[in-house]
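For reference, the chain that follows is the form predicted on its own, supplied as C-alpha cells.
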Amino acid sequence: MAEGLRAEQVRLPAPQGLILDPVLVVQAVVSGLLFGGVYSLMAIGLTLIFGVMRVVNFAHGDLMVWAMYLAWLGATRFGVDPYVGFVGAAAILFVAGFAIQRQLVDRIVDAPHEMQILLMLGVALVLENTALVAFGPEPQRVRTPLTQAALWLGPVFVDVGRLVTFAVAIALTLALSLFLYRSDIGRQMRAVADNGYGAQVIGTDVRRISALAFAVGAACVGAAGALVAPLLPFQPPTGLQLSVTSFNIVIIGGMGSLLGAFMGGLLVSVAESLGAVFLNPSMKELVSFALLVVILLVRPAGLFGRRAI
C-alpha cells in the first residue's frame, strides 16, 4: 500500500530554501481528507470489535486485503464496478467475520490476552498465505472510469474516485452510528461494550452480540477494502501495513471510540499527505507515527479516549 501512496504523491525538487507552493499544500490537504474517509471506515471496524469484545484483531488488515481481491474479482470476472461491488464485499466479510468469531475467537475470549494475540496472528497468517496461493504475489489494481476523472476547483483538482469513496465512507459511517444508537441490537452492543457482565444479567445474549459486533467490524473493513481497491495497488503482504495503520488511527483517536476512529482516520491521512509534501514521500509514515507520539504525550488515552461506543 505504501508504494501505491508514494506513486500518488508529488516529489518536490530539492530547493535551496524551504519554498513551497501553497497550491501544492492545499492539494495535499484535499487529497488527504478525501482518502481519510477510507482510513476512518477501516479504523471504525477495528475499534468496534475492540470496544465490544476487548479483542485486538491483528487480522484486520488481511481481511481488508481479501475485500480488495473480492472487488478485483468482481470487476475482472463479472464487470461489477467496485463502487457498486463494495456491498457484496461487505456482505461476504460480514459472514466471514461472524464465522471467525463463533468458531475461533469465542473459544478464547476469556483467555489471557497472549492467547488472543497468538490466535489473531495465526488467522492473519492463514489469510495472507491463502491469498498468496490464490492470487499470486503480483500487485493488482481495480480499474474504473471514476478514477480517471477529475473536478477542477480553480488550481486544485479533486479526484472523482476519491470523492465518491469519501462520500460512500461517510454515508456508511453515519449509517453505522444510527445503527448503534437507534436500533435494539446497537444498544445491546453498546451495553456489552460498557459492561458485559451487567448486560448478561439483564438478559442480553453476549455471545450473539459479540459475534454480530465482529461481523459488523469485518463488514466495515470489507467495504473500505473494496472502495480503496481502485485507488491503490495491493498484494497479499499489504495486510500487515493496513493493520499497523489501523492500530495507529485507533490509538490516536482513543481505543473504543467511534468518533475517535473517524477523526483519527482523517487526521492521519492528512498528516501523511502533508508529510509526503514537506518530506521525502517514502518518509510520510514517519509523520503519522510522530503524531501518535505527540498525542499520547498530551493525551495518553487518545483524543476521545474517555468516550465509549
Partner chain sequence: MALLRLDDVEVAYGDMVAVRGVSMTVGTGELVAIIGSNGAGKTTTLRAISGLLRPRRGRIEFDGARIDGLTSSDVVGRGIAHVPEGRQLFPTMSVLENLELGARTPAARAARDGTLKSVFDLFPRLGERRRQLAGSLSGGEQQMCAIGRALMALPRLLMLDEPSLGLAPVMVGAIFDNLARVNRDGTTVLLVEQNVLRALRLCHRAYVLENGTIALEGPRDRLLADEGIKRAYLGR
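What you see is a predicted model, and the numbers here were worked out from it, not measured in a lab. Residue numbers count along the first chain shown, from 1.
From this point on, the text means the form predicted in complex with the partner chain, which you will not see here.
- Checked against the partner chain in the model of the complex, the residues 131, 191, 75, 105 give one hit for a heavy atom within 4.5 Å, which is 191.
- Of the listed positions (151, 174, 201, 111), a single one reaches within 4.5 angstroms of the partner chain by any non-hydrogen atom in the model of the complex, namely 201.
- In plain terms, the part of the chain that comes close to the partner chain in the model of the complex, with a heavy atom within 4.5 Å, is 178 to 186 out of 228 to 236, 120 to 128, 161 to 169, 178 to 186.
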